[in-house]
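Single chain ahead, by itself, as C-alpha cells, in the form predicted alone.
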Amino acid sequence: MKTSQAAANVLHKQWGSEAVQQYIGPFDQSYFAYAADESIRVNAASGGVITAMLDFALSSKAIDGALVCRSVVIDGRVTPQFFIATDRETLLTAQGSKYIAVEFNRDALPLIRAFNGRLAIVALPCDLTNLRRLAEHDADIRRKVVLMVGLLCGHNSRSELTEMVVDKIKPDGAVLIDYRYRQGHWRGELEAYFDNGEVIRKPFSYFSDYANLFYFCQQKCHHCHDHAAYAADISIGDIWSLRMKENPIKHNAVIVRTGTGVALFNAAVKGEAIRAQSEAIEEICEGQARSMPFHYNVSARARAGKKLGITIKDSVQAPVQWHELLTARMALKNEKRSRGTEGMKKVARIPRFILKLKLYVMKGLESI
C-alpha cells in the first residue's frame, strides 16, 4: 500500500448524515471529475471542470454568456475583474484560482443587468446566496440567470495579502505585470511576472501559509457558515484527499444540486467535455475535511471573538469542543493582527519556520 493511501486510511473521518446535511446542504449527485480536453487542464487550478462545462454550455447554446472572474494587474497590483465570456478564447482567460476579495454587487451585478441573454454565473457562496435572494424579487434577474455555479470556499483574503507576498518576492525596482496564484499539480506554485523579464515561481505555500492561518482574512467571512455554496445549481471545488495526491490528473469535487444542474452536467459528460466518476458525498467531505467543519462552526468563532473584542453573530448554534474553540481563537487573533499597514508589516516579518509551526498546530487541531 502506498504511503499516501495508508495515511488516508488513518486520517479518514466519519461523516454522519447530520454532518453531511449541515456542511453540504441539499444535493442530488456527487462526483470527482476533470475536463476531458487536456489543453483546458493546463492552466486550471484543479481539474478544469468549470471551464469545460461552461465551454460546452456556450457551444451547445444552453447559455449565451458566462459571468466569471479573472485576475489582472493594474499599476503593479493584482485586481479581480468580473466579465462576461461569450466564447471559448475569452473564457480561458478566467482560468485559475483567485484568492482575493471581490465586490460582486458593485462589479458583477451591473454586468448581469446590462447583458441581453441567458447567463451562467460563477461566484462565491455568499454572492450566490445574495443573487438568489435578489432573483426572488427581480424578474429580469430570474430570466437572465439560468445557471449558478458555486465555488467551495473556506474564506477569502483581502488584497493586502497578495500585495505583501508580491513585495516579498519581487526583484528590486521591478514592477509586477502578471500573476497566477496557483499552477501545477497538487498544491502547485504561484507565478509572478515582472517588467524586467523575470518570472518568479514559488511554492503556493508562500501565499497559502498566511491564508490558511487567516492572516488578512475578510472580516465578513467570520460570520459565514456556507462552505459548499448551498444556493448553487452546481458546487465545484478542490479535492485535498490524500488518496488523490498521486493521481496524475487533478480532479474537481462536484456537487450537483438542482434539476438545472443535473441536466447541464450530465449533458457535458455525455458530450465528452467532462469525465466524471460518481463518488459518495462523504468523499467530497473528506476532500475538505479540515476547512469545511471549521467554516461551518460559526459558534466557535462567536465564543472566541468575545474575548478578542470581535462581535460575531452565532447563526448555527452548533456545539463547540475545546479544540474548535482554540482553532477559532487562533484564526481570529491572526486576522486581527494583520489589520492595517502596521499589521501587514508585522506579519511580513514573521519567519517562515514560525508560520509553518503555527500552521501545523492549527491543522492538528482541525484534524481532531
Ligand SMILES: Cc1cc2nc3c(=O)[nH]c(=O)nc-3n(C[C@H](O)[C@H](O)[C@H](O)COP(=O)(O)OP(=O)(O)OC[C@H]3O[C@@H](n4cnc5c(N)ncnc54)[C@H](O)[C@@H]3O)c2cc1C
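Don't overthink the numbering: it's just position in the shown sequence, from 1. Quick caveat, the model's predicted, so the values are computed rather than measured.
One more form of this protein should be noted, the form predicted together with this ligand, which is absent from this view; the next part is about it.
The candidate spot formed by S30, D233 and I274 lies out of contact with this ligand in the model of the complex, as no residue has a heavy atom within 4.5 Å of it. Contact with this ligand in the model of the complex, judged by any heavy atom within 4.5 Å, is made by just one of Y179, Y99, F265, Y210: Y99.
Only one of the listed residues (K144, K245, H155, R290) places a non-hydrogen atom within 4.5 angstroms of this ligand in the model of the complex, and that residue is H155. Partner contacts here mean any heavy atom within 4.5 Å of this ligand in the model of the complex, and among 191 to 199, 167 to 175, 68 to 76, 110 to 118 they occur only in 68 to 76.
Within this chain, H227 lines the site of this ligand in the model of the complex, having a heavy atom no more than 4.5 Å away.
At a distance threshold of 4.5 angstroms between non-hydrogen atoms, Q95 is in contact with this ligand in the model of the complex.
In the model of the complex, this ligand sits within 4.5 Å of a heavy atom of S46. Among heavy atoms of A85, none comes within 4.5 Å of this ligand in the model of the complex.
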